[in-house]
Structures are given as C-alpha cells and as structure tokens.
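Single chain ahead, by itself, as structure tokens, in the form predicted alone.
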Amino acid sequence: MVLRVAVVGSGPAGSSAAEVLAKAGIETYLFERKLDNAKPCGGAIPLCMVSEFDLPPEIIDRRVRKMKMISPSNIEVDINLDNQDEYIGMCRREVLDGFLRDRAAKLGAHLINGTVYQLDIPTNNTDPYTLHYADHSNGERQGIMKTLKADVVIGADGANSRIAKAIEAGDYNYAIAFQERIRLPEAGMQYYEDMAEMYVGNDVSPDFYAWVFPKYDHVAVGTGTMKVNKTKIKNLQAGIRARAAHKLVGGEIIKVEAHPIPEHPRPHRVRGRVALVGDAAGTVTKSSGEGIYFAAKSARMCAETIVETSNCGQTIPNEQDLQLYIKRWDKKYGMTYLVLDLLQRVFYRTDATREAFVEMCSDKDVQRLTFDSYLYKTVVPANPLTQMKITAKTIGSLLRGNALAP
C-alpha cells in the first residue's frame, strides 16, 4: 500500500508538511483555495527559520537590525543588533507562501487549487477519510465539486479551520489583527531600511502592541487586540496612525487587511487520523503574536512523525501515533509559551506596566536575552548573576511606575 495524506491549506504550515511527506515518497495532496492569496500578516520571521527551512535571500524583503520600542508617553528605546550576521527577516506572505508551496509541488506533492468544504469521518479505524472540495483549476470561482480519499488528514487551514470543525477540535480565544500596507516616499522608506517599530499603550491596543514593519516597497502598519475589544479595532488603528504620523507623511495606503490570531491551542489538536498544525492548532505565541515560524515548525514535526510511525508510508498511523507529534511539540516549546504568556499578563495590563516594560528594554542584558530567544527560538538561560540583575531590573521598573500588582 501507499499512504495517502491530504494537507488542507498551503501556507507555511501546510507547505512545510507537504514537503516532508513528499520527500519521503508518501502520496501527498496539498489543497489551496487561492494560489495568489496575500494573507494579512506582520511578516516577521526569526533568523533560525532562514537556515532551518532553507529560504533563499530573495524571500526576505528587509533585514531588520534596529528596533524602536515606544512607550505610551512616547519614550523611545533603541534596540540594535551589533552582529551584522544577525537580523529579523521581513517578508510578504504571498512571496513566502508561494515559494514554500512551489517547492513542495516540485518535490512531488499534488497541488490542488480547491476549497475543502466537508470532511467525512470514517466509522472504523482503517477506512479512508473523504474530502469534498470545489476544484478551481478551471479558473471559475464556483469550481467543480469533487471528492478525494485520504488515510491521514493534516488541517493547516488557519484560525477558521474547517478541518478543526469537522473533528470537533473545540474552540479557542482569538485576537484580531488589523493592518494597512502604506507606500512611503523614498525618504520615508530610507528611514525604515532596517528599522522596525513597536508601540504600546491603551490608545493603540489595550492588550497587545502596534507595529510599523518595513517590507519590499512599503511599510506594514497595524495593531492587534483580543476578541472582546474587536469593535475598537478601527479606533486602535487610528491610534497607531496618529502615533507614527510624522514618519508616515506622504504615505499611500495600498492595501487594508485583517485576520484572526489564535490565543491558545485548541482543546484537541489530534483526533483519529487527523492532526491540526499552525493557526488551526493554535500555535501563535502570546506577547509577540508570532506565528509563521511556529506554524511551519509544528507542521514539519507533525509530518516527520507521520513518516516515522508509518514506516515511510508503508502502514497507516493511528491516533496514538499522531499524538506523539503533540507530546514532542509540547516538550520542546511548552516553556516558551508559558514565559511569553506570563510576559503578556505582567506587562500589557496598564499603561504603567507598559512604561515599565519599555524602560526594562533599555537594559543590554534584557535586549540580548530577548533577541537570542526570538532569533533562535529558545528560552535562553542566562547565568545566575544576569538572571538576578534582570529580575531586579524588572521589579524596579514596575515599582518606579507604581505598576506592581498587589
């Protein structure tokens, strides 16, 4: 037999899973409803992703080595990467996603331009799943209704995942991200050549942050907030536009976009022979709101588990086999998620705590720890003296701002 795996969604998660499966000789079907999709996204990727996922230089629009943290009272803290070999990559999702999708297809994944509407769950542990989808390869939006049978299904179809609904994976809280792509005059783009900005304050987000990130020929200006505050999102976007107005003079809005961001993992990420990865699983981090690397990494780990437990596609893995992916994921990244959740709870509560947060970011040890954690995706253990210094700095900043909770 030859194992058949259907991967629904061809963003960084779905394409990364399909690549691993196709390389192993597994019959892989990769679904994407819109091949030219430009997903709303800040577009920042860590340095480790460039090498780990073998991304070519042209995928990266800008190499950010300078960051400004801007407090509610507009106090600015500059954070610079001194090592010129280190950077935060800024990319457009339509470029990144297209590259990863095409690479998976070249390696043997069957790319289907189609929208999956329904997943039929088999009544026993060996029968295949049936996917009902509209095939758009004829160029028609409506498409031609077709079906496909698969032994294993990977749901990589985002926060509003139809695959997650089909397996009753449960809901999760989510945030809303709103972003404008703004093309600036040449002088404005020169300022953002290798500079990104993060703004905090109730005027730009009551529970997150706002950003100005440089891209190929424009900047992405946006904000995020929890679902409970979603009716305020346009006012919050107006807030970041106002705070950054003097740097956006002469800018032209070329695109407006919004999308949901998961706030925690779904209650069930594996059911039967169906596994969820990326946003569909809820792999976005708290505090930073980062999702691209963790989406691709979760999908790769899931696909590697399928290859391993199926003996390179010679047998059909079961639910227990797929649960191994979840155990490995939680062991590797569970602490990272806990730390970032704690940081958001402590520092994004009030403008006083946000002022303390920005003050703390002026410390060189904090900057190095933060960059190492982001660039290389580990909760970096500092030496005891540095840990004590950072703890004292944190408490001192909170006390000076009268922000320390009882």
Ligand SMILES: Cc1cc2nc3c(=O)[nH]c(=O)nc-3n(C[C@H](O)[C@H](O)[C@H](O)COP(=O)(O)OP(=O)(O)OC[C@H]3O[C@@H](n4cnc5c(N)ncnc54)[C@H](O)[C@@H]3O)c2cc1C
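In this text, all values refer to a predicted model and were calculated from it rather than measured experimentally. Residue numbers here begin at 1 and follow the sequence given.
In what follows, reference is made to the form predicted in complex with the ligand, a form of this protein that is not presented.
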If we test each of Gln237, Asn229, Ser71, Thr115 for a heavy atom within 4.5 Å of the ligand in the model of the complex, the one that passes is Thr115
Work out which of Arg266, Arg93, Arg241, Lys286 lies within 4.5 Å of the ligand in the model of the complex, going by heavy atoms. Arg93
Whether Arg162, His259 and Ala295 jointly form a contact site for the ligand in the model of the complex is the question; each needs a heavy atom within 4.5 Å. yes
Using a 4.5 Å heavy atom cut-off, state whether Ala356 contacts the ligand in the model of the complex. no
Would Ala17 count as touching the ligand in the model of the complex under a 4.5 Å heavy atom rule? no
Indicate whether the ligand has at least one heavy atom within 4.5 Å of a heavy atom of Thr350 in the model of the complex. no
With the partner left out here, check for me: in the model of the complex, does some heavy atom of Glu290 sit within 4.5 Å of the ligand? yes
Which of 51-59, 342-350, 25-33, 362-370 sits within 4.5 Å of the ligand in the model of the complex, heavy atom basis: 25-33
Looking in the model of the complex, the residues of 152-177 with a heavy atom no more than 4.5 Å from the ligand, listed in order, are Ala156, Asp157, Gly158, Arg162, Ala177
